[in-house]
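Consider the single chain below, provided in structure tokens and representing the form predicted alone.
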Amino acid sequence: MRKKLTLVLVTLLALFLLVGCSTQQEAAVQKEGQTSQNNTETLKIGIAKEPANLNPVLISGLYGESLAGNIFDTLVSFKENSAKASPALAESWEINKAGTEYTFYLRKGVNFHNGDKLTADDVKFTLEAIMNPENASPSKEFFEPVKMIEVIDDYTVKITLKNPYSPFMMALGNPTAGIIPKKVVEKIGMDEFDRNPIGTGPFKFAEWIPDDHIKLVKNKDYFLAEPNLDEVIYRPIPKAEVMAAEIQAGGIDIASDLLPQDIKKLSQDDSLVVKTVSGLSLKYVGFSAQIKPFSDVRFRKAVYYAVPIDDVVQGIFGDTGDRAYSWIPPSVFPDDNEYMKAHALKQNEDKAKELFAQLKAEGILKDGFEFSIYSPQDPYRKKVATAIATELKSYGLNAKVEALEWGTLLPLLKKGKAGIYIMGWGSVPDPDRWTYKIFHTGSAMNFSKYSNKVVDQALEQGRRLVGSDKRGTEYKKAMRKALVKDYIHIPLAFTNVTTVMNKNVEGFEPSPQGYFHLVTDKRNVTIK
């Protein structure tokens, strides 16, 4: 009996030791896994909108550009100095005296993420893909002056223009001119490449789960420096209040497009850092130049008179933006802000009633006229639309606010089917990028379908002229005609760029365009 009891106790002890050993091993494995995971530097960025495209040839919006800027490289870079080109894929270049021939000398030893070498053939292929009408590239307009692209050798490419084109380097340095691999795209096609992008940039595309996240991983062989970050995850968070909650809870490390009240609240959190820079982003009211009664300048002026624009801008944008009077930011030449401000319309109920009455008397406007004011779903522009609708109600106009998803709103705008809409624009510090795409006849982003010979000619001249004074005269002419005489748009506010980030994020600075530059010749973002 005693022997049996002893045997049972020995067996139980062995089992206990075995289980204990197993538990310790599991704990060790679990701890090792946690350490490995903790050693992986993952930066989570909240973005207000999921990009529609990642293929530079097809990109048409800020968020696509922002992501593409970390996957692809351009010939030249404006990441650290938005007014001066720095070497990128091209280590040097030459421009002839006439300003019509650009010769770029590429870096040697740069590889695409799949291991293929970057050559001049890829540069030629990319730029010609943008220029090819079959690809319907939103950036095609910026390369219309290109006459010919020649491959001199594997690392030299020459671009000849039809005529001098002042903003050409800006066009080459924009993320929408990121260089793509010829062999890969020819094999799988533009659309397939859009969901499987391959560049030379600091991060490689890893996965895209629609409406959830886009994941990038480090390119260890990046020619500037090995990225400090192992992974970057972009999370689309359309609602600003949710974005604020996520940054405070630690769900993301960088947040932008936040409401003023949330920025103020988050600035009091010791675990967060708030950074603000003057932005290159405009919010505006647009009118159709084709749909009645919006196409009648008297209607546009009447709306302008009816709405207290100054109060609306201050009440909605607060300290996050400054009242705009022109499409061209004050920091970008030509500075015509005083003239545009002096000719902006102030609220005047009597003049608004008079103009509406004229339109009704002529049968252009009917009593109780019902229409929609279109906007994206972001709270700023939705509030502007609501404020305008509220003011117009007292004049017998029944406006309905339709805040639509981008997938629905953008096609409607491109077809010119919106009578009145609230939109935004952001770009580089050159007047061409602020005006040509929006006001020139036939431009895909000319949502108003506005067409005026004076404006077209001025914008075309502005592209050809070299020298800020001469160019500036043309842009002043265009803006004074479109905004002061035709009132095709009402500029609202130039908004600042404010980012809120976890205090453990190091090396990140917000850009005026709202981009997320993570690795440049001067910075390499990390998270501790």
Partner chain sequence: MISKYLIVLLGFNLLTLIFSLSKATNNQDNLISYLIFALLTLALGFLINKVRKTNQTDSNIQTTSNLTWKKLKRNKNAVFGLIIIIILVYISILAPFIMPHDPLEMNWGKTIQKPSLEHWFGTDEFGRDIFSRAIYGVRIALGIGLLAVVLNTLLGTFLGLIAGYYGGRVDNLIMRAIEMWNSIPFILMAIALIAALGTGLLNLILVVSITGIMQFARVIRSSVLGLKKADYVLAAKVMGIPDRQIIIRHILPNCIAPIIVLATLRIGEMILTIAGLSFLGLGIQPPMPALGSMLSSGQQYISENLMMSIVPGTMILLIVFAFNLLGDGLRDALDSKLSN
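Since we're looking at a predicted model, the values are computed, not measured. Take the two forms, find the largest set of C-alpha atoms that superpose within 1.5 Å, and that set is the rigid core. Residue numbers count along the first chain shown, from 1.
The discussion below concerns the form predicted together with its partner chain, not included here.
Just to be sure I understand the contacts: of 275, 162, 400, 84, which is the one whose heavy atoms reach within 4.5 angstroms of its partner chain in the predicted bound form? None of the others qualify; the residue that does is 400.
Going by heavy atom distances of 4.5 angstroms or less, which of 146, 233, 389, 151 would be at the interface with its partner chain in the predicted bound form? By the 4.5 Å heavy-atom cutoff, the listed residue in contact is 389.
Is there any non-hydrogen atom of residue 111 lying within 4.5 Å of its partner chain in the predicted bound form? Contact with its partner chain, no.
May I ask you to state whether residue 92 is within 4.5 Å of its partner chain in the predicted bound form, using heavy atom distances? Residue 92 lies outside the contact set for its partner chain.
Can residue 267 be called a contact residue for its partner chain in the predicted bound form at 4.5 Å between heavy atoms? No, residue 267 sits far enough from its partner chain in the predicted bound form that none of its heavy atoms falls within 4.5 Å.
Its partner chain contact at residue 99 in the predicted bound form, heavy atom, 4.5 Å: Judged by the heavy-atom cut-off of 4.5 Å, residue 99 is well away from its partner chain in the predicted bound form.
If we take heavy atoms and a 4.5 Å cut-off, which stretch out of 118 to 126, 323 to 331, 305 to 313, 73 to 81 is in contact with its partner chain in the predicted bound form? After filtering at 4.5 Å, what remains is 305 to 313.
Go through 248 to 268 residue by residue and record those having a heavy atom within 4.5 Å of its partner chain in the predicted bound form; state none if no residue qualifies. The stretch touches the partner through 259, 261, 262, 265.
Does the C-alpha of residue 368 move 2 Å or more between this form and the one not shown once the rigid core is lined up? True for residue 368: a C-alpha shift of 2 Å or more.
With both forms fit on the core, has residue 492 moved 2 Å or more by CA between this form and the one not shown? Yes: residue 492 shifts by at least 2 Å between this form and the one not shown.
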